[in-house]
Structures are given as structure tokens and as C-alpha cells.
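Look below for two forms of one protein chain, each set out as C-alpha cells: first structure 1, then structure 2.
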Structure 1
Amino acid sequence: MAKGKVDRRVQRTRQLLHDALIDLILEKGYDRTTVQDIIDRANVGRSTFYAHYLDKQDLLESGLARLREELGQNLAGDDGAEGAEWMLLPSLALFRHTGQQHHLFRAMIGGTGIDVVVKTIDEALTAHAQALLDQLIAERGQPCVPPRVMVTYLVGALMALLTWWLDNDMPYPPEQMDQTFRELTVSGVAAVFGETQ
């Protein structure tokens, strides 16, 4: 029984620290945020912070595991939209997830995003797109563009649109952003496999 209480307390303290970090990143930026700022915002003691994390980088990186997990779950979903056979990234699911968690993503990748977070998202998207491209290659043969170039282009385009969308306070709904991404990319992917869309 006592163990359950300790676990809940630990979980609550970690959530307070993560929330404080996100709020401060939005207000001041990651580089200008200190451990003292975080513990003041979370209203916990310095020893409590260091019982859980080595430093603010460790706190940030611990939050990336949750981000990776959520991103992986969203990438596994099928958008079910027209032209989906040519989609190497489930952009609708990603825009919807980003919209629901906009405060987190805006802090992490908007504007002057944190390099380690941007790299984590980029790696997850790249791995997912590469796996889907490998399936397309097995079914359709080699494209006329090197596969790694295709993946890099598509992931870069999606990251650029996500960042722009967040930096501009999400002026369009996720469905419109998804449609824009598809219009810009689906016919290109089909073309490199020698088909028209």
C-alpha cells in the first residue's frame, strides 16, 4: 500500500517538473531556463529535483521517452485518406496529435526548437518513412530517386510544415495541413515509381 503512494508521489513530482520545464521553455526558451527556475515553478526542493534528475537536460531527455512513445503510436495509425498507398508518413495523424499537444510541440520544435527534440522526432519519422518505402520498393521496384533522398525530403517537408503551423498559431485545421502536405508530396512519390497520381 505504501509503495503505491510513493509511486503516485514520484509520478506527480516528475509531472510537476516536466510541466514546469515546458512552461518555462515557452516563456524564456530552453537555454535561459535554469534548474532553479524549474524547481521554483514546480514548487519542489532542490534535493527533490536531484533525487529524480541529474540536470535540466536529463529532465528534458526523460520527457522524450514519452514523446517517442506517443509519436510511435500515432505513426502506426492509418490516415485512410485518398492516395494513402503513396504516403510514407501518416501526416493527418501527426497534425492531429500535434494540434492536441500544441503547447508541448510548440515548446519543443516551434521557432528555436530544442535540437535534441527535433532530432528525436526527425529520427522517428525517418525510420517510419523508410520502413514504408521499403515496402513500396518490394511491391513496385526501385524508384528513380535514391530512397534515402526521398525519405530525407519528405521528413524535412513535414517538419517544416509542422514548425510553420505551430509558429503561426495553427491558422488551419489539421485536415487542411494534411491535405496541403499530400498535394505537395503524393504525386512526387508516385512519379518516382513511374506512376501518375
Structure 2
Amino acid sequence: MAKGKVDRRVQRTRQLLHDALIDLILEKGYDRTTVQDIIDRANVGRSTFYAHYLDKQDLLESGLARLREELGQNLAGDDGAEGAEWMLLPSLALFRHTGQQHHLFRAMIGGTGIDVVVKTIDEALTAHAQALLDQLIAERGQPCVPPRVMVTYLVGALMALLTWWLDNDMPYPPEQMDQTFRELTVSGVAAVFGETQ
């Protein structure tokens, strides 16, 4: 015992609850989903729910580790792309990955998204950008603006593009969104109007 083995019944119950939550988020949104809904949908006893999770939020967060992991893997291979010298964020992979599961991601980070999910993705991207920026600083010296502010700027802009893109039914392909993001971040507004400055 104590061998890390989890009782089949426990696995089953947790799976049912997670699936029910995702279903309901897609159907009626996170906020309007109640614990009552979840246990009805999962066909699980009320007391069973509270034996596993503190509340709705706790259930959601227990599924976030998986999301983070999955996202991390999908985003990892995007760094070494050609001409990526100034690219501090895996934007192409992000657009592609979220676009593939756009129903889910739209429900989770679009419109009135789920705060804790947005925060999770935000933090992951921030950590990523911060690391690459540190590297860049080592190579090229300090930029003329506070690095932390720069990271906030980049992540904020990317998250805005992403949620807008999902909310508006992905009117451009991931490649174009990535391209646009790159041009704006690297060269700025002046350059996209054809200025050499």
C-alpha cells in the first residue's frame, strides 16, 4: 500500500466530475455551472463530490496541472524558428494549439473567461518570456525600458490577440496572427506603416 496506486473508484469518480465540468462549461459557462449541475451530470453523490474537492473552483484547478503540462509541450518546439531572434513568445504554436481546441479555449479564456485559467496561461507565458529575455539581456545588454514591464507588455498584447481571435471565430489563420504579432512587437507601429525611422 501507499504505493501511489489510486483506487479505481477514485479514478472513475474524478474522471466523471472533470468531464462533467468541461461539458457544462461548454454548455452554459463556468459561472452559471453549479455543484448541483456537476454531480447531476456526472451522476455522482453529493457527499462524494465533497470527499474529493472543496468546491467547484477546487475541481477546476485540479485539472489545470494537465492543461499546463499539455500546453508546455505544445509550445516548447516553437522557439528555434528561423528569424526568431527577437521572438520571446511561442505565439505561432499558441495560436495553432488553441485554434485546434477553440471551443474549449474560447469558453475558458474568451469573452467572460475563467479567471484562474487565464491567469495560468498568463503566468506560463510570462515565465517563458522572462527566461528568454534574460538570455537576450546577457547577449545584448540592458534595454532602455524595465525588463519586467517589457514582459508584461508582450504577454498582455499576445493574450489580447489570442482572446480576440478566438472570440471572433478565428478570422485569420494562425500563421498570419503570429506574423502580425511579430511585426508589431519587433518593429513597432512605425514600421508596419512602411517607415524606416
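Numbers given to residues start at 1 and step along the sequence of structure 1. Not measured: the values here are computed from a predicted model. Here the rigid core means the biggest group of C-alpha atoms that line up within 1.5 Å when the two forms are laid on top of each other.
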Compare the two displayed forms of this chain and pick out the form predicted in complex with the DNA. 2
Honestly, after the rigid core fit, is A131 moving at least 2 Å at Cα between the two structures? no
On a core-based superposition, does L54 travel 2 Å or more at its Cα between the two structures? yes
Core-superposed C-alpha displacement of L16 between the two structures, in angstrom, equals 4.8
